[in-house]
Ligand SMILES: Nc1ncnc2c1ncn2[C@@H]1O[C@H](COP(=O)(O)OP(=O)(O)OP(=O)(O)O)[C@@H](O)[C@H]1O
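So this first bit is one chain, no partners, the form predicted on its own, shown in structure tokens.
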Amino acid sequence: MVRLVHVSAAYERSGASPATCVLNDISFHLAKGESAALIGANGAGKTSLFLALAGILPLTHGSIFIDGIALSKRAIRTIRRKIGFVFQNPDDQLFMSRVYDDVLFGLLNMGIAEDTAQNRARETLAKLGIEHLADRSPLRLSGGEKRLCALAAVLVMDPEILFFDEPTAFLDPKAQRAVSAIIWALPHTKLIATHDLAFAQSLCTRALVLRSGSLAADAAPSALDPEWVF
């Protein structure tokens, strides 16, 4: 479903300065329906990897395949319809005056008929148990509620693959449990960036450990030593 083959990437720098390598010869494969944790210290390359998977950070070497389709400028629209990216900070994702409008926005922007889009938006909010938040302003929601609303805005687009960037960061234990339960129940292929090994163990059968832009380990989360990982 998601396959990386010797992927390297770098951020270009201005002037005569050399480019900064942020991903170095990364290869792995995620099968359909598999949930994997992406683990590493700050600066290890987790966000850069997500940007590469979304076609935002160009590769300097290697290839990325999403559902068998090679990532390229020609295929980028097709690939982006297959993936959903849930940001670490939901305030970067929710920008309308009502939750319902945020969930509706992507569908209308794609040209989906308004009646169809409205039905899908209501159904998605109901599946996540947050239909009561539809008319609320995102500014007046708790952290956990914001995370679920941001997830609804992604799920309504019907992606096959989900990328989560620290989905339980800054949440209290109750909100962490609620968000974790919903993520666990999703049947999608999932790649979840996290600093929380206990969270990774509860949701994922596999952990990909990044260190200085390289894949340092590919193992069961329970086999990892936190002191070694971070």
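Since this is a predicted model, take the numbers as computed values, not measurements. Start at 1 and count along the sequence shown; that's the residue number.
Keep in mind the form predicted in complex with the ligand is missing from the figure; the text below concerns it.
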property	result
Check all three, T20, A41 and Q88, heavy atom within 4.5 Å of the ligand in the predicted bound form	yes
Single option in S27, T47, T60, T205 placed near the ligand in the predicted bound form, where near means a heavy atom within 4.5 Å	T47
The ligand contact in the predicted bound form: E166, any heavy atom under 4.5 Å	yes
Partner contact for K32 in the predicted bound form: the ligand, 4.5 angstroms, heavy atom	no
Contact flag, R177 vs the ligand in the predicted bound form, heavy atom cut 4.5 Å	no
Partner-proximal stretch of 47 to 55, 184 to 192, 168 to 176, 65 to 73 relative to the ligand in the predicted bound form, 4.5 angstroms, heavy atom	47 to 55
